[in-house]
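Structure 1 and structure 2 below are two forms of the same protein chain, each written out on its own as structure tokens.
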Structure 1
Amino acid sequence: MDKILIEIRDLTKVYKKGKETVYALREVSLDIIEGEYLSIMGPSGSGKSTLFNMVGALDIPSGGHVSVAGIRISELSSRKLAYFRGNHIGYVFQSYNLIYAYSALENVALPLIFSGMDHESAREQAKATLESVGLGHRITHRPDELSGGQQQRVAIARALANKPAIILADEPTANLDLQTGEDIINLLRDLCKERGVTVISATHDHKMLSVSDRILWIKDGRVDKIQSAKEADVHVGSIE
């Protein structure tokens, strides 16, 4: 039987703009299965990014809760929340967010060192992780010496370095060309299957839908529908 990793219950987020009340999320409830690849789709302003940030413990709900492995993350102290983010969630951003003065190896090793690992062990683990995403031959290169796709692979390696249970990918192909974006999508999918990592991606890229286990469509802060790729009739054309 599938194991539920993330429980979202009646999740609500409200913002105040003067006298106006704006609902970014309205009582969203959802179970996310351990090891699945979930894509979150929706137009700008739909609540897609807000939901993504709630799951990633980057924002606090106005109502309802998110539980990960039975832990309500909004009830954690700031110290425990920082530990949770650093050890259970890996983040991949569309702008890569790499430190340009550091090599690929140093970028991946840094969060390991912050988590308490000694420098030598951190570098060894960072090297092995970079090799797993196909960048073993580029570990000494700085981001400005790498292509966009290679930089995103470094970002994925950094997200994987602490062996998290969850990868959150925010528009991971937005700054990439068609072929490179396809490579990154397949890499995330392979990592999901090989490592049993739960991948949650907020995206506008329809290429990502065909590799998803499920697609969550958000509209006006609510769950509009949840579909498998087959149900959504997603087809990705071949790339010459």
Structure 2
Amino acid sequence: MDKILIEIRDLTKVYKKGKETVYALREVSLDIIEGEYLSIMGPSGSGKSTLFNMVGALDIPSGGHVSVAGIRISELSSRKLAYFRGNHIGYVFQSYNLIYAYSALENVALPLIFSGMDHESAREQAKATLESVGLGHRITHRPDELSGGQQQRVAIARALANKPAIILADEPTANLDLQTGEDIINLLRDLCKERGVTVISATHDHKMLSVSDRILWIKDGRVDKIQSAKEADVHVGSIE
């Protein structure tokens, strides 16, 4: 039986900018299944990052709620929220967000140390995680000594190091060339299929379609449609 891991109900986000009111999300409802690869597709400004931030507990909804494993994340205390972010979710961003003064190993070990692990164990776990994403030979390199694709692998290793149940990726391939982008997408797919990590990725990279189990298309902050990968292939084929 498919198990629902994340329940999104009537999720609304309103931004007020002076007199202007922007509805970034309007009553979005969706169930995300444990172990699936879900892509959130839509044009720029459609609300993908806003949805990403709400699911990742990085921002607070104006209405509705997100529950993860039955827990409403907006009702958690700040201490529990910090634990939730640090232990259950791994975040991957378009711009990698690595610390440039630190080596790949230190970048991956740091959040482990923050979450209470001793230095030696953190370094060991960081090394093993970097090896698992194919970067075992680059652990002492700093980000400026790595290619974009390698930097994104470090960021993915950092997201994975705490063994989170969920990886949230916001446009993870946007700064990468075609081939490197594909490698990163395949890595995310392997994490999903081989380790059972639930992957949720906001993107407008159509290479992501074929590896996704489902695609959520959003338009002007609303759910436009939800498709299986098979349906999406037909759709893309017919418009291109």
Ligand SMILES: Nc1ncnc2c1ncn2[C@@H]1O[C@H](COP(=O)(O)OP(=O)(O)O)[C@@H](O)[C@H]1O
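For the two forms, the rigid core is made up of the largest set of C-alpha atoms that agree within 1.5 Å on superposition. Numbers follow structure 1, counted from its first residue as 1. From a predicted model like this one, the values you see are computed outputs, not experimental measurements.
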* To do: Look at both copies of the chain and name the one that is the form predicted on its own.
  => 1
* Asked: Relative to the superposed rigid core, does the CA atom of Ile226 travel 2 Å or more between structure 1 and structure 2?
  -> no
* Asked: Can you give the C-alpha shift of Lys19 between structure 1 and structure 2 in Å, rounded to one decimal, after superposing the rigid core?
  -> 3.7
